[in-house]
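Take a look at this single chain in structure tokens; it is the form predicted alone.
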Amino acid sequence: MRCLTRLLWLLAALPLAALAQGWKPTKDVEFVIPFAVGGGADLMARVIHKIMVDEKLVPVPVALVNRPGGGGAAGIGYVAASRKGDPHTLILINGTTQITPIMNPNAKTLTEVKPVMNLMLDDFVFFVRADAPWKSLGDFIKDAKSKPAKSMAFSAGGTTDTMAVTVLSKATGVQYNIVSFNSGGEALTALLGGHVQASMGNPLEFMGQLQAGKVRALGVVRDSRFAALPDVPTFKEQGVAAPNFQMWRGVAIPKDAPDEAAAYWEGVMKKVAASPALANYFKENVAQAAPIPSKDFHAFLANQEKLYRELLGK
């Protein structure tokens, strides 16, 4: 009896956190995609969702909800208003959700969420329709320079795509007309429909059409060619000194959600990152695995914001 009393006293003296099993979801989870169906963010979220379901990583149902608009601001605004502090909420975040408030200080995006983990990085590729007259980036730029400013139109699926076109504009001295859409899928549709002459996007958004021979890749913004796309030269190989930058893609929860929930979801995302299904998705879509846990993710985002501000300043 004396031993039992002592044990109970010791247990009572322990912090509650030490006794707890850790936070776990107890009701349905809403996975908010602040972009339209068919874009890179939507595709990535659906892959994450499928892995969570197929590998039974979460004990409750997870519903995908697209809330596009405003470069991610509409979807994250919905989270801030209707899912405030709710740990049963995931949000797909990416470079667009970071660039949007830089370009529009009134737009609230990353300030309303708690980043949990980054999963991948995407490079940018210059695409035209397969039947376009330009066979190289040099051909396109030469043609653009022979026409009045903004004669050549680019479709952009978000503010990160807009920045990619802006970087190209600064590097070539040509002003382009940027037509904005809610997702890379919509930007691709505009290109295929002949409504614009070109698009700057991530491989995962265009690979299906590239393999089907519907679009042609004229260049990639990186230091070396893709192993999977050996015939696509880099911008620098073609004399265009555009600085490198990439689209990051990760997951967050509402900013006021408890830290225990953030730790839980980080654990889930680490399992997603280690899944062979995700590795296969990256391989098929010429993407780079970049699992960055919460602590390092915050430092990464600070560096990315500095880079974005420098590029926009230029």
Partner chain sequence: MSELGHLLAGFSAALTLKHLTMCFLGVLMGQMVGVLPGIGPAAAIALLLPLTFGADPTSAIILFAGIYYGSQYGGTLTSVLVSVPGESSTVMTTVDGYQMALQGRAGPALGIAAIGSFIAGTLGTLGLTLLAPPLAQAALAFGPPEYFALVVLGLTALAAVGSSVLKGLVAGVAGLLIGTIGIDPQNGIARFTFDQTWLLDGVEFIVLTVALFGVGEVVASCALGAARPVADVKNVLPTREDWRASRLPILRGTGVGFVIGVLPATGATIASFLAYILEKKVAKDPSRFGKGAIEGVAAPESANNAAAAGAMVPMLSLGVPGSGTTAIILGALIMFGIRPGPELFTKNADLVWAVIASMYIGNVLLLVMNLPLAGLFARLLKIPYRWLYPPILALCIAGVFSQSNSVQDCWLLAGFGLLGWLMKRYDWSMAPMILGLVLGPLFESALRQSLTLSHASPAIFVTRPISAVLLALALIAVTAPLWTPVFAPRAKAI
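Model, not experiment: these values are computed from the prediction. Numbering follows the first chain given and starts at 1. Think of the rigid core as the biggest set of C-alphas that the two forms share within 1.5 Å after superposition.
Beyond what is shown, the protein has a form predicted in complex with the partner chain; the following relates to that form.
Could you check which residue among V32, A257, V251, V47 gets a heavy atom within 4.5 Å of the partner chain in the predicted bound form?
Here the answer is residue option V47.
Could you work out which of A80, A132, A217, A153 is the residue within 4.5 angstroms of the partner chain in the predicted bound form, going by heavy atoms?
Only one listed residue qualifies here, and that residue is A153.
Would V268 count as a contact of the partner chain in the predicted bound form, using a 4.5 angstroms cut-off between non-hydrogen atoms?
No, V268 is distant from the partner.
Is there a heavy atom of A212 no more than 4.5 Å from a heavy atom of the partner chain in the predicted bound form?
So A212 counts as contacting the partner chain.
Does G208 reach the partner chain in the predicted bound form, with heavy atoms at most 4.5 Å apart?
Answer yes; at least one heavy atom of G208 falls within 4.5 Å of the partner chain in the predicted bound form.
Should Q98 be counted as a contact of the partner chain in the predicted bound form, where contact means heavy atoms within 4.5 Å?
Result no; Q98 lies far from the partner chain in the predicted bound form.
If we take heavy atoms and a 4.5 Å cut-off, which stretch out of 259-267, 285-293, 55-63, 241-249 is in contact with the partner chain in the predicted bound form?
Result for this chain: 285-293.
Would you say all of A107, L188 and L192 touch the partner chain in the predicted bound form, counting a heavy atom within 4.5 Å as a touch?
Every listed residue reaches the partner chain in the predicted bound form, so yes.
Can you tell me which bits of 24-39 touch the partner chain in the predicted bound form, meaning any heavy atom within 4.5 Å?
The stretch 24-39, when checked against the partner chain in the predicted bound form, contributes V37, G38 at the 4.5 Å heavy-atom cut-off.
For P105, is the CA shift between this form and the one not shown at least 2 Å following rigid-core superposition?
No, the C-alpha moves less than 2 Å.
On a core-based superposition, does F226 travel 2 Å or more at its Cα between this form and the one not shown?
It does, since the F226 C-alpha is displaced 2 Å or more between this form and the one not shown after the core fit.
Indicate closer or farther: the Cα atoms of E205 and V58, in the predicted bound form, relative to the displayed form, with a change of 3 Å or more.
Farther apart, by at least 3 Å.
How does the C-alpha distance between N177 and A107 change in the predicted bound form compared with the present structure, closer or farther, given a change of 3 angstroms or more?
Their C-alpha distance grows by at least 3 Å in the predicted bound form.
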